[in-house]
Structure formats: structure tokens, C-alpha cells
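Heads up, the chain shows up twice below as C-alpha cells, two forms, tagged structure 1 and structure 2.
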Structure 1
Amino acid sequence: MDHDLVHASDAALIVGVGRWRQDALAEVYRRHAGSVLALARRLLASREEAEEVVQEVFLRLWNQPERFEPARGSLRSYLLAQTHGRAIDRLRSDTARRAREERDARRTATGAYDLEHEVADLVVAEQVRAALAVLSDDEREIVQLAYFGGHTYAEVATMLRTPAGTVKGRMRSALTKLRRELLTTGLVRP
């Protein structure tokens, strides 16, 4: 691995990818494929499907690196947003429905999972966990069911027997509150 690449900024790596440098993409993969796979795996019951999503996300970055805009956010969050969208597309397609039902059954069987548990034991995770304390239990559950459970706000509303309008509003207010809290830790940029 090229020493310069290991220390390159996300923006510099993307310039490298834009010039068809495979080693630049390899460095992006080294940094972020683990999180991308983890998120895909949370959403998709099938290991094969999750790996296909990883493949799609990195190939798309190779083919269309200009879609990532460094001014808009980090490369990691861009890749995770892509991953989430692709995994959700699979989840909501008809062929995926059966797998999803199986997965939901499995989840039910293994008991409830909460957001704190989903967050691994790292320093960043510590700060994220602290920030999560600003959310009410309802807000945490709503964000979790949508982001990690892959449910729409309407589905979440049915599951929680809460009006859809309330759920939709809480998704936004929870993310806003969380962000405000994370700003104080410097984990997100203003």
C-alpha cells in the first residue's frame, strides 16, 4: 500500500479514484468496507445479499466518484447512506419479502434489541451513546426501527400504535437533537 494513500484525505482519495487509481479505491475499501458490510448485514438477512450490496456500493464509487461531494459530508457517511438505500431497496422488493419475514421472526425470537446495544464499544461509540441519552425512549426506538430495522415511518407508526404524523416528526426531531448533541463532541461538523 502506498504510504501517501494511507494518510490521504477522503477528498484526495476520491480524486485518485476519479483518475482510475485502483489503489485509491483499495484504501477507501480498507477504511470503510467493514462499516458498510456491518450496516448491510443489519438490514439484510442474507449474508450473500449484504456482500452484494458492498460490491455495488464500491463499484458505484469507482464508476461515479463525482457523486460524492466532500463539502456535503464525510465519505463514510456517503458510503453508508448508499449502503442503506441499496439494502432498503432489496428489503422492500418482493423477492426480499420472505427473507425479511424470516429475519423479523428471528429477531422476535432472540428478543428486543436496543440502540445502545447496537453501538459497539469504542470511544466514538461512547460519545454517541452519551448523545443518545438526549433522546426519549420513544425517539430512540423510532430511529432504531427505521434505520436498523428498515421500516418506513408508517410501519413504525403501526408497530408502536402511534399516529404516523407523530412518528414522522419524531424521526426528524430526534436526528436534529442528536446532531446538536454530537456537535458539542466535535463528532460532526457544523
Structure 2
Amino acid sequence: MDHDLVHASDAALIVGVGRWRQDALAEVYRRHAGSVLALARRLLASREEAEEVVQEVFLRLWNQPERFEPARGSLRSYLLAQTHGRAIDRLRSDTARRAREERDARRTATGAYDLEHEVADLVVAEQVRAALAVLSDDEREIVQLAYFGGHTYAEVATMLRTPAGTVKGRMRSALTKLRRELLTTGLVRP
């Protein structure tokens, strides 16, 4: 290492960095990297992320040395302010990423529940269709008009031109058969 750089001021080292002198950047790193890493570790609580922040800070100094203005403060203060900004950016980014992941997880869980619910509905519908198939045509028609059509017994009787007592009797018979069929599937409990 150049002996002059070891004794050079921070302002002189920044001039060297601005002239693409790697040895000037190495001297700046030797002087201030420990403080930069300590601050980053304290803010991020992760050595790996803190080291990445240190790299970002010194890379930024290498690419844009003119951003350091000696009149505004020391080089160490500038580097620590840059470290603080990078670390806070990472914390905010991590917080936003976690929030996004949690939202996605909730959405995925809801989607999985909907799919599961939809499959269960299809299975139940198939079992009910199979149970309806054991009914006579007259019984099935009454059940469909009353339960799926939303009509009262009186309306069904009028629609089928059948006495209301007959409609009720066929309905009772149909429900008994449906219950027996659905008991075998486990869809209803005894």
C-alpha cells in the first residue's frame, strides 16, 4: 500500500477514489468498514445482510465519490448515514415482502379451501342425484318441484292437477326413500 495513502486525509482519499484508484478505496475501507459493518449489524441483526450493506455502501462510494461533500461532515458520518439508509431500505423491503407472502399464503389457503369445498359439493350433488334415481317418476317430480323449484305442496298439487293429499303422501314416501338411500352413503346420520 502506498505509504502516502495511509497518512492521507479522507478528503484526499475521496479524490483518489474519484480517479479510480483502488488503493485509495482500500484505505477508506480499512479505516471505516468496521464502523459501517457494526452499524449495519446492529440495525439488521444479520451478519450476511450487514455484509451486503457494507458492500453496497462502498460500491456506491466507488461509483459516486462526488456525492460525499467534506463541507457537510466527515467521511465516516457520510458512510454511516449511507449505511443507515441502506439498512432501513432492506428492513422496509423485507417487511413489504413478508406482508406480500402472507397475503399470498392467505389467498392460496382460501383458494385451496374453495377448491376443497367445491369438490365436496360435487360429491354431495352426485349422491343426491343417485338417491333421486331410486324414486318413481311421480315422486321425483314432486320432490323436484317442491325442493328444487321452491313451490309449496298446494302449488305442486295445482301444477300436477293432483289432490294435495296425494302430493303429501308421495312426498312423504319420497323423503323416506331418499333418507334410506342417503343413510347408505353416510351423507345423513341415523
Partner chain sequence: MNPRLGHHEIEELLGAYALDAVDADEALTLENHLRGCPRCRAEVAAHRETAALLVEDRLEPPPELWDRVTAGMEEVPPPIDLAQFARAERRPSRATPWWLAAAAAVAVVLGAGSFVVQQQRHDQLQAALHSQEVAVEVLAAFNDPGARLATLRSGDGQVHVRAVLLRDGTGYVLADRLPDLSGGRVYQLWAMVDGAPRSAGVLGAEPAMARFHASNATTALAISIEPVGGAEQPTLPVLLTGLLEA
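Numbering runs along the sequence of structure 1, starting at 1. Heads up, when I say rigid core I mean the largest set of C-alphas that superpose within 1.5 Å between the two forms. Quick caveat, the model's predicted, so the values are computed rather than measured.
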- Which of the two structures shown, 1 or 2, corresponds to the form predicted together with the partner chain? 1
- Message: Aligned on the rigid core, do the two forms place the Cα of residue 66 2 Å or more apart, comparing between the two structures?
- Response: no
- Item | Rigid core fit then residue 38 CA moved by 2 Å or more between the two structures | no
- Message: After superposing the rigid core, is the C-alpha displacement of residue 52 2 Å or more between the two structures?
- Response: no
